[in-house]
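First comes one chain, alone, set out as structure tokens in the form predicted alone.
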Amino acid sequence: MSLRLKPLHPVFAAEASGIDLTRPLADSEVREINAAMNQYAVLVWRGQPLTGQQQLDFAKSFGPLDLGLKKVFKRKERLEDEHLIDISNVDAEGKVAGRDSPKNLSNFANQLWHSDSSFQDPRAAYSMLHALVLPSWGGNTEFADLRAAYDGLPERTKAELQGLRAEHYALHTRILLGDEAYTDDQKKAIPPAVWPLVETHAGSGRKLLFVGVHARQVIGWPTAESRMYLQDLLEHATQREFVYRHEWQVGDLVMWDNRGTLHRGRRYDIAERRELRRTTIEDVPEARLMAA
């Protein structure tokens, strides 16, 4: 069967069906999915009972896998492959983690509007998040379309943004949430990445507003003015008309393009077990060609 798409939001996001993600993809299916990603930026796949290895194989169809912060900050993992990112409140022993655990610090950071790995170069292209265990309430994920956000900017702001670049820093969100237990060497381990505030998405050819909570400084601006400006842009980009809210079902796999969207998790009872598993690919030249 060929890919079928049902729009979920007026400006982006679609439910995808017609392809079994548990088996290897044909080249034609990879091309179909890339084309759909270029159009919709977020694809929702229902009823895909993927093993960890099947999820890894699916992700590798689109480019090399990204480790994100795992490149530097190593800790005991409970999943079978380091490229499987454990988006859960479960510790390495399989128990629900304590409220003040490092595991939940990451979960709280995920509740801020961000683009995966925007703090590194290469940054992330696609992410794929698979639902395994869900809490009784909350824990939805929201996505914002940065292309529609750019289109909705006043012309004066569009002109002002030309040539501006922002620094994205890996530990900015952690420090913002009160975690300052990092050595100088750890703080320097992942140097900031710098990206234009306005970019053209390679696959769709559309301009986008590349902001998010990892962005901490407009290059060449005073810090206070810079951070207020970035906050204003983030507020604009995450207005309700640009946001799709995904309500999870077990077996869902949601795939999004970090180069054209932001996302955030929503609050849930962290005393209840919640397990999702993420794979992400790097935005390297091979991946850009495949996505074009």
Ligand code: OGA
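Remember, predicted model here, so these are calculated numbers, not experimental data. When you see a residue number, it is the position in the sequence shown, counting from 1.
Note that the form predicted in complex with ligand OGA isn't included here; everything after this is about it.
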{"item": "Residue contact check: Asn104 to ligand OGA in the model of the complex, 4.5 Å heavy atom", "value": "no"}
{"item": "Ligand OGA contact in the model of the complex: Arg259, any heavy atom under 4.5 Å", "value": "no"}
{"item": "Gly68 within 4.5 Å of ligand OGA in the model of the complex, heavy atoms", "value": "no"}
{"item": "Any non-hydrogen atom of Ala149 within 4.5 angstroms of ligand OGA in the model of the complex", "value": "no"}
{"item": "In the model of the complex, the one of Thr200, Gln186, Asn140, Thr157 near ligand OGA [non-hydrogen atom within 4.5 angstroms]", "value": "Asn140"}
{"item": "Partner-contacting position among Leu208, Leu129, Ala166, Ala125 - heavy atom within 4.5 Å of ligand OGA in the model of the complex", "value": "Leu129"}
{"item": "Region of this chain that lies against ligand OGA in the model of the complex, out of 93 to 101, 192 to 200, 166 to 174, 114 to 122 [heavy atom, 4.5 Å]", "value": "114 to 122"}
{"item": "Neighbours of ligand OGA in the model of the complex among 79 to 107 [non-hydrogen atom within 4.5 angstroms]", "value": "Ile87"}
